[in-house]
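Take a look at this single chain, the form predicted alone, given in structure tokens.
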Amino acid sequence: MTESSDLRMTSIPLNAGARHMPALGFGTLIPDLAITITATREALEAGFRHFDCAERYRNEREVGDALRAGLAAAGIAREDIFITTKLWNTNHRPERVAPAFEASLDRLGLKYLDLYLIHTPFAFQPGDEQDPRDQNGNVLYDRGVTLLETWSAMESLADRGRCRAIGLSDITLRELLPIYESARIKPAVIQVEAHPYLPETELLEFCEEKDIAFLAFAPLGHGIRPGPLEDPVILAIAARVGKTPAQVLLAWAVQRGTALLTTPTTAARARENLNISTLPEDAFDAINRIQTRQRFNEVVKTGSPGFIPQGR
């Protein structure tokens, strides 16, 4: 549990060199391209220094354009921000990993990435169609490649230096264990859904033991209602400490030692999401005692992100 009262500048050390990852990250899963540009600029202006992207989101070019313009306008160096993107499921075959990485770099307009993640442990049929399905709407999986083979190709990317750290997303502890045990370069970051309704305590403890940074997406329950934002415990704490329920949930996530991603699409919401501070110990403990258990994204079962419409 972190001790600083102001959590905005919290960073998480990575096992890959001396690099740190800002705990408060801006997620770029935004369907509208125009809003992607404005929201990314506003997040940068508000103070976000960690930006999470993905080939699958189909907006890397817009994010890159927004960041370049924002960095130039504010006089912020590229080295002062942390940028992640992800390898999509259709590119798991080892020969497809490096070209996919280079294509993402090109779209983002970058010379290097701070972090490259395998988006999910599921390999889809390789090709240009990101959501390959049969005539019955069933996902077409690629049974000709293993996750360990994909990870080996990720290690080769890290060896070349243009990818500072590598990791995995949407993975369970059961799937992570054989990768961790066999990996030459251990995962630096694991990104999974996590919030008080899905604390992923066992996975978090494993990550802490193995020096892997834990990055939570959907820390507010993805805004799905009813959810953590309307939980009576969260509402009572918010009223008591003079913060919004969202600020309480984000503070809890950082206090337990995790990084997080949130996607504010207005300047006011970006400032709100950054304005978090340490919760009283009894409030933190009360959130830990919440008994409701619910996963909002079933991606860990299929490899298809539930927050992205099919066919996009």
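Quick caveat: nothing in here was measured; it's all calculated off a predicted structure. Counting begins at 1, following the sequence as shown.
One more form of this protein should be noted, the form predicted together with a small molecule, which is absent from this view; the next part is about it.
Contact annotation: Ala246 falls within 4.5 Å of the small molecule in the model of the complex, judged by heavy atom distances.
In the model of the complex, none of the heavy atoms of Trp252 sits within 4.5 Å of a heavy atom of the small molecule. Mapping the unseen interface onto this chain, Glu272 counts among the residues with a heavy atom inside 4.5 Å of the small molecule in the model of the complex. Although the partner is absent from this view, Val299 contacts the small molecule in the model of the complex, with a non-hydrogen atom inside 4.5 angstroms. Heavy atoms within 4.5 Å of the small molecule in the model of the complex are found in one stretch of 128-136, 69-77, 211-219, 150-158, which is 211-219. With the partner omitted from this view, the residue of Gly109, Pro178, Gly144, Gly223 that lies near the small molecule in the model of the complex is Gly223 [heavy atom within 4.5 Å].
Of the residues given (Leu261, Ile37, Ala46, Ala286), Leu261 alone sits with a heavy atom within 4.5 Å of the small molecule in the model of the complex. Residues Ile81, Glu200 and Arg256 are none of them found to lie within 4.5 Å of the small molecule in the model of the complex, as judged by heavy atom distances.
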